[in-house]
Structure formats: C-alpha cells, structure tokens
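As structure tokens, one chain now follows by itself in the form predicted on its own.
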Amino acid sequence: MSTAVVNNKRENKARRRFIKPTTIFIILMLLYPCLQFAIMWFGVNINSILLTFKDRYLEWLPIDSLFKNYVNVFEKMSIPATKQMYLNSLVYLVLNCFITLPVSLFFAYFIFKKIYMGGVFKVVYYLPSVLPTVILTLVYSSMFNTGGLLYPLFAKFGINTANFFVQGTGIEKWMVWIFCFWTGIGYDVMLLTAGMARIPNDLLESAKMDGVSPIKEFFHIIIPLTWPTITTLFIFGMMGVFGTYLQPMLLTGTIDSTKTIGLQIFNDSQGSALNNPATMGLVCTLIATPIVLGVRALLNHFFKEVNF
C-alpha cells in the first residue's frame, strides 16, 4: 500500500474525530430550547400529574384512596358556586367563537378592502393587542370609576358607574364580557387580515370582472380561502373556557359571579394545597382534548385548504 493512501486514511480518521465548528454551533443553539422544553413543559406537566395523587401536604395518597382528588373535583360540581364558575367559563366559548370571531371577520374584510380611514380602524383594533392586559384593565375600569371619563355622563341619568364592577349588581359580568370582546377583536382582526392578504389579487379581479358582488365575494371566496385561519381562531376561542382568568381577576377580583375555571386554578395554586388545582387542570384537559380535536376535524371538513 502506497504512502499516499495511508496518509489519506489517516486524514479521514482525523476528520471523523474532529467536530466541525458548525456542528458545535448547532448543538449549542439547540441545547437551550431542548433543555427548556424538558424542564418547563415535560417536567412541569409530569409533576402536575403526580400532584393529583398526593394530598395537600404533598404526601402520596394511600392505594385505596389514590383517586381521592379526582372524586373531590366531581363532587364539588354539585356546589352552586362551582356550577356558576363552570357556566361563567362556558360563556367565553360563546363570546370568543360565535360573537368576537364573526365580528372580527366582518371588520377584517372591510379593512382588507381598503375602506376609507382603514388605517384608523387598524390602530383602534390593534391597540388592545399591543398593550398589556394590566394597563388595559386599569384604563377600562378607570373610565367608570368616580372621576372617570364616563362617570359624569352616566351620573346625569342617575347611574353610579362606580358600582359596575361590584358583585350583586348584575352588571359586573357584562363589564368583563365587553372588555374581553374589545381586547379580543383586535387579535382576531390582525390574524384574519394577514390571512386575507395572501389571497391573489388576480383571483379577486377575475371575480369582480365576472360580476361577483362584495357579499358573494365575502362568503364564496374570502371565507373559504381564509378558513384555516378561521379554524385556528375558533380553536383558540374554545381554549378561552380554561384560559380566561386575568381579565375577571383584574376587573372584579375573585368574586363568584365572574369567577372562571382558570381563575379558580390560579387562586388555588397560590396556596399550599397544590393537589387541587393540578387535579382540576388535568380533569379539564382530559375533557377538553377530545372535544377540541373533534371540533377541529369537523371544521376541516367544511372547506379544503388551498395553497397559493
């Protein structure tokens, strides 16, 4: 065997042993997200599942009462306050999916068609999506409190708007719902207009030349071609049943008339009995997952996704 062949083999072996800088860079860049996923998602969720089999002192439950926490969750459903909490949470399904989403779709279409002062409407709709919820709730509630912008206007009719966020008036629910509608519509409009912007202009120009009216264009072209975005927002809206907690907490506190599942889990997680919120969260996940998957499969059957 020649000396050149031997040297080539040695060089190849040395190259195999040597890790390229590009490979090292990729490994280091992937190390952090993988570690974060392992700890913050996988680890947290596994720990939450294990908490459902422990008592309030984080001791393992006996074998004969291993599912005691799950039994307690279902037993509490018969309590009037708990029933009210679940009903309050279901309201956000209707609000997000059947009120906010259709209205957002309507406004997004008008912005997409470049109506007069469309830029102003963009700012009005997008502003709640940019500002933190804490600031928005503070501004929103301050308008109705004593000295607020709307307080003297309602005072002329003998209405004390300072009590709008107090339990027992019956208005506190509506104030939270109106706020969620106002802040939610901007997020939906933003995504819907982005989905409509992908539609080729040639297709719309061709439809216009064929005499398609704006109403037919909206229902027969815009909605089918933006259906994947609509489906995604519908699923996100369903998640509001379990994820809405910050708005009622900041506006009305922890009163029963506006308490939601998410707010109950948040409040319970601040104490020492972590088994209760963990069990409630897992039960809600087991119930919601097949429903969400079923709704998603149903929505995907209405229109086929079009690539353009």
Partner chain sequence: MKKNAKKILPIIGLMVLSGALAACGEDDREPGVLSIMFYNGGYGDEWVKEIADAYAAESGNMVDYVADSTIASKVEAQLTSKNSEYDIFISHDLNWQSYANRGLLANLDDVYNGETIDGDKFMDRVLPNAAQLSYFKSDKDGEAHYYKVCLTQGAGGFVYNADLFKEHGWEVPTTYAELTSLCAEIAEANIIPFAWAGGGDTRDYYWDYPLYEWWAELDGLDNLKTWSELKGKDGTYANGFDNFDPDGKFKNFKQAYKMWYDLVGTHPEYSNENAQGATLDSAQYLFYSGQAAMIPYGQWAKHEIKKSQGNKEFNFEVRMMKTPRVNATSDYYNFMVGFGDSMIVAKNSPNIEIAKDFLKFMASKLACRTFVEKAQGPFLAFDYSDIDMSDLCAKDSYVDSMYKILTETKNFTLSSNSPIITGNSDIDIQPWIGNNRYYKSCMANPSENTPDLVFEKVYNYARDNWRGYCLNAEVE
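Numbering follows the first chain given and starts at 1. This one's a predicted model, so the numbers in the text were calculated from it and none came from an experiment.
The next section is about a form of this same protein that is not shown, the form predicted in complex with its partner chain.
Although the partner is absent here, residue 173 sits far enough away that none of its heavy atoms falls within 4.5 Å of its partner chain in the model of the complex. Residue contact with its partner chain in the model of the complex: residue 276 places a heavy atom within 4.5 Å of it. Its partner chain is not drawn, but in the model of the complex it has no heavy atom within 4.5 Å of residue 232. In the model of the complex, no heavy atom of residue 133 sits within 4.5 Å of its partner chain. Residues within 4.5 angstroms of its partner chain in the model of the complex, judged by any non-hydrogen atom, belong to 143-151 and to none of the other stretches in 96-104, 186-194, 201-209, 143-151.
The three residues 214, 285 and 304 each lack any heavy atom within 4.5 Å of its partner chain in the model of the complex.
Of the listed positions (66, 50, 35, 44), a single one reaches within 4.5 angstroms of its partner chain by any non-hydrogen atom in the model of the complex, namely 35.
Of the residues in 150-186, those that come within 4.5 Å of its partner chain in the model of the complex through at least one heavy atom are, in sequence order, 151, 160, 162, 163, 166, 167, 169.
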